[in-house]
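Two separate entries follow, structure 1 and structure 2, each one form of the same protein chain as structure tokens.
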Structure 1
């Protein structure tokens, strides 16, 4: 008799998690070293990862799918608000904007901007990464309106732009080196809340 586990297991050799990791890491290393999305090749990724091209194509249908997975890994999962106060949840979300644990992100993410301007596909991919983060912030703001903590007439999308813009410009461009990055999220949130709190 075939067990449920046996029935669910796909035919052929099981995927090697180690190979998956090596391929994604090689992709991110090449991007951090200056390869662009357009010029990076599956051949170069395979050589850096120490695998054959066939190993990559067994896991991803093509370069674009691999790049999407690698960049999602680089960005990590969006932060999860605790559901406490609106202020605390907004500080959690704003603190994560432009902050990346992986140091390669500082080299890779700014280089993606020209790619997004040129390519509708890359822009759509960027939106797929950003939208879950926007959705989390949108829900915190809507909760604040529902519970009477925030004004009912606020423009949610504009409010999110006001919360996000200062963090991006500071963390991506270091717009003002005199700003304290450790306290900036809290100051941005408090500044915006001063204008949108219910009276």
Structure 2
């Protein structure tokens, strides 16, 4: 028993960690540059990574498995609200929408939209990214209600959609070319807080 646990290291040359990294990075780069999940090719990935195709097929059984693993890398931690006023926390959370840690995510996420519609796994993947962020926002809203800063009769889930939707369609769909993304979070939060009805 020379090794800790049963990590019997197999003989021969160990697999290059550098190749592992390069393959995944190349995949994400290509996706961010405009390839879609269906048009991206293993050959392009290999070429971009400076790696032989065989090296890829030694690690993954096929393109789908590789893409699944690569996309999993994009999942960052949900942002932590500072815990100041409810308004400040909401602005923090809303600003983070579609503004991921990995800048490539902003380009890649829209590519997953069509996929989601038909693949339950892709939808589950999407939800696994979105849910933690929803949870953070939900907590801030509940705190606001608890401390009396927000009304008690609001629908939390609908309110989250009201805060998230505008940012998401603007950042993902470029919905309205005339909107300024930089100031949108603050305007949306204040808009939702105040309402638009005359009084």
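For the two forms, the rigid core is made up of the largest set of C-alpha atoms that agree within 1.5 Å on superposition. Not measured: the values here are computed from a predicted model. Numbering follows the first chain given and starts at 1.
- Structure 1 derives from the form predicted on its own, whereas structure 2 comes from the other one.
- Taking 2 Å as the criterion, residue 103 counts as shifted between structures 1 and 2: its C-alpha moves by at least this amount when the rigid core is aligned.
- Superposition of the core reveals a Cα shift of 2 Å or more for residue 66 between structures 1 and 2.
- Annotation for residue 189: C-alpha shift under 2 angstroms between structures 1 and 2, rigid core superposed.
- Taking the core as reference, the C-alpha deviation of residue 55 between structures 1 and 2 is 8.4 Å.
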